[in-house]
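Just one chain follows, in the form predicted on its own, and it is written as structure tokens.
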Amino acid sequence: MLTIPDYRLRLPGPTAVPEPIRQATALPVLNHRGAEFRAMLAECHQRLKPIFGTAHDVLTFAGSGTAMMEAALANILSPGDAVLVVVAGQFGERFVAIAKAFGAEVHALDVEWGGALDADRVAARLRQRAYRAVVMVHNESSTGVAYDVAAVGAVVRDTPALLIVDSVSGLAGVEMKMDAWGADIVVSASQKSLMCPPGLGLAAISAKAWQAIGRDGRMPCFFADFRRARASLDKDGTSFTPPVTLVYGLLVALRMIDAEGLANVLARHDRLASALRAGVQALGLALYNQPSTSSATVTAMKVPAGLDGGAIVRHMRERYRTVIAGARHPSQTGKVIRIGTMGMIGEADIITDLRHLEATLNDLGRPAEVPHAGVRAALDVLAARAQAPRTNKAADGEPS
């Protein structure tokens, strides 16, 4: 079956792909070394810079977010280098596993899942010893937390360490100011707030990081070698065959973001996530994280006592055709559900999420104390935070 009727993809990624982007990915394949494709790729790279908040080059790879996490470490590590990894969720744990696979000396800075990160703890560790890199996740989709990259960057900036940031589930939905915040390598991917199918990996790299990348004695690296990619970028190309049609889709996505205005896009994500959080709490579900740390692209909530998160996820999919996510870690199994608020979504998506969630809880024997309380709470937030009219021009169509 190639089509699934009434299927609502509401995961914290991959996200539903808007029709103009889907149409772009169906265009005929061009010569990936030809002038037409090089022009498209160059436009993508230029349009990505303000989304990353950088004046530096952005590199494009065929690969997933995890591939870019690995590439970031492979390009800066030498055997035996020490790295400090902030572990506040599943993707912090993944960075630890990748660094260990490279033979790095890995030091974990553990943060309670769902809790806030105190940058002073990073500063204290940096005073104790030298690290090649401090590694953190910008937006931890396993817990629904957005972390303060600026605060960490402020304590790393004037040390020899590099700050490596995973913003796979954050970029284009949560503000990123790479240069101003002192991040040295920021990696991301296409399938979340960038609204594209999976398959494109992205990396933005500071001048400080390029010094480490260019030195002798680092880890062997071929396909994901940033030096090779940068040399190809100078010719508006990629080192190896790119996923051509995904670049078409990315170009349309970036034009759509520019047409809406990046500030408007970020505000929309924050507003809709705030409405969803208000709605699920009105239904009696507690947030998994502290409110002050809440992400604008994913809402994680605790499952009420007596219910199983897996059952909620299955029932919403099978009965209401709304596909949300469950736990990402064995410690969360059955206890956490998560809904994405990223990409081209609007108020109707949030209201439908809450209607289906309330109906599911009712079907599973836990009716809301006040019927439709979740929808009402969300509507109150949406009304209180009504977005100003957009002033940007309409989005462009297919790539040209």
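When you see a residue number, it is the position in the sequence shown, counting from 1. What you are looking at is a predicted structure, and each value in this text was computed from that prediction instead of being measured.
The following text describes the form predicted in complex with pyridoxal-5'-phosphate, which does not appear among the structures shown.
Notebook entry, point to check: Among 39-47, 60-68, 23-31, 356-364, which stretch has residues with heavy atoms no more than 4.5 Å from pyridoxal-5'-phosphate in the model of the complex?
Noted result: Result for this chain: 60-68.
Item checked: Single option in 94, 228, 271, 315 placed near pyridoxal-5'-phosphate in the model of the complex, where near means a heavy atom within 4.5 Å -> Looking at 94, 228, 271, 315 one by one, just 94 meets the 4.5 Å heavy-atom criterion.
Note to self: Exactly one residue in 195, 276, 204, 137 has a non-hydrogen atom within 4.5 Å of pyridoxal-5'-phosphate in the model of the complex; which is it?
What the structure shows: Checked against the cut-off, the match is 137.
Check: Is there a non-hydrogen atom of residue 169 within 4.5 angstroms of a non-hydrogen atom of pyridoxal-5'-phosphate in the model of the complex?
Finding: Because a heavy atom of residue 169 falls inside 4.5 Å of pyridoxal-5'-phosphate in the model of the complex, the answer is yes.
Checklist line | residue 191 within 4.5 Å of pyridoxal-5'-phosphate in the model of the complex, heavy atoms | finding: Judged by the heavy-atom cut-off of 4.5 Å, residue 191 is in contact with pyridoxal-5'-phosphate in the model of the complex.
Note to self: I'd like to know if residue 141 sits close to pyridoxal-5'-phosphate in the model of the complex, meaning any non-hydrogen atom pair within 4.5 angstroms.
What the structure shows: Output for residue 141 is yes: heavy atoms within 4.5 Å of pyridoxal-5'-phosphate.
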